[in-house]
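Okay, so we've got a single protein chain in two different forms coming up as structure tokens, structure 1 first and structure 2 after it.
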Structure 1
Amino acid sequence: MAAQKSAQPAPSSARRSERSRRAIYDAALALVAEVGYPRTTIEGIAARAGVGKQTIYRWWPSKAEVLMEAFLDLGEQAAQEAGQESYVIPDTGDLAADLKGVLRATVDQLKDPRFAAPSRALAAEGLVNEELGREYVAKLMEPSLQLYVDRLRAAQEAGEVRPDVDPRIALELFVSPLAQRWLQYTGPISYEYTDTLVDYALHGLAPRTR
């Protein structure tokens, strides 16, 4: 009697779902970079990803949600490539060095083609699309800004920053100029530039001498 062939395991539905989700992320980021946010559609994302649009609507209510999640996932991948669970601002006891390090990493990210085009498209559209702008700030900007707030507060406790300084305002001294230069092409972004921003900012934040 011939031996029966062992049954082949059925493809995992979770694996299929993850493969589809990854394809949707990639398609969404590629499309928004190529044609801009207004011309990116659920139908276009579905066609490029090779899935039905009902699959996308089952997981996300809108293209904005797709793009935000895709971009967050991209950031997590980059952090893992760098050997981190997530982006952090270290506390080595040297505020200037810590800020320069994280801003240099930001320069690298902004110059990375995987990030540059989709993030520029989302940021630009967020300026004219109020709903998307709120989503962009809440989901992409705010978590990163809070890291600066936490690090500056730790520096205040260590006596590196005046106690009367508002960290939410202080972080704008080096974060906002970089964002503006990058978005508006007003000049090159480089390590030298961000190092200088930190030096200028901290010179004004240093404890007053009596």
Structure 2
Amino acid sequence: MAAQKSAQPAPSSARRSERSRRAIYDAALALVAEVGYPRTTIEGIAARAGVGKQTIYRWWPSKAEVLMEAFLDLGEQAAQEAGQESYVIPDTGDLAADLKGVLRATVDQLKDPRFAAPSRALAAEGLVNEELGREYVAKLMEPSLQLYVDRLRAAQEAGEVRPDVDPRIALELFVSPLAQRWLQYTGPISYEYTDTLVDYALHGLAPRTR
């Protein structure tokens, strides 16, 4: 198997118990879903996973990091099950339709509590802990955002988007509003809403000069 993720923790080892790691991931995700992030404790995770606390402290510096890895692992698993397709936004030639499709899928995902609970918890922790926040962005958000950049660049080549537009900024016009509504409860989210965002973003608020 490729890519031994690891990285930050420390002690290093091939003798690490795969069994424990999995149990800890499962316990962490289950607890966050059941009792919420703040009431999820390392002690609770350890107890539920049938693991000594030290086994958690040995490999992760904080419960946020445990949850981050658990969530990443969840994503990898889900991706593997689904087959590795769709690491790309479809390009049917109709940018608006393609974006609306992806955003609708995102809406579905945001409403799935399996993803929503840990994701929101990590985002919250990231607001207040800059290092974790940057890790969250890099590991959980950037990969997806990059897909939008790619699709927008293709659209530019196809003449569907003005060439002087910076795709990294452009994508925020429809991604950020959705993110904010979801994270901060500033409004309801729906297919209609995201469709509208795409339309507004592509054609602007100002009247078309003709």
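Think of the rigid core as the biggest set of C-alphas that the two forms share within 1.5 Å after superposition. The structure displayed is predicted, hence computed values, not measured ones. All residue numbers here follow the sequence of structure 1, with the first residue given the number 1.
In this pair, structure 1 matches the form predicted on its own, whereas the other structure does not. With a cut-off of 2 Å and the rigid core superposed, A23 has a Cα displacement that reaches or exceeds the cut-off between structures 1 and 2. Annotation: Cα of K53 displaced by at least 2 Å between structures 1 and 2, core superposition. Annotation: Cα of D73 displaced by at least 2 Å between structures 1 and 2, core superposition.
Comparison between structures 1 and 2 places the CA of K63 4.5 angstrom away from its other position, after core fitting. Its Cα shifted by 3.8 Å, G44 is compared between structures 1 and 2 on a rigid core fit.
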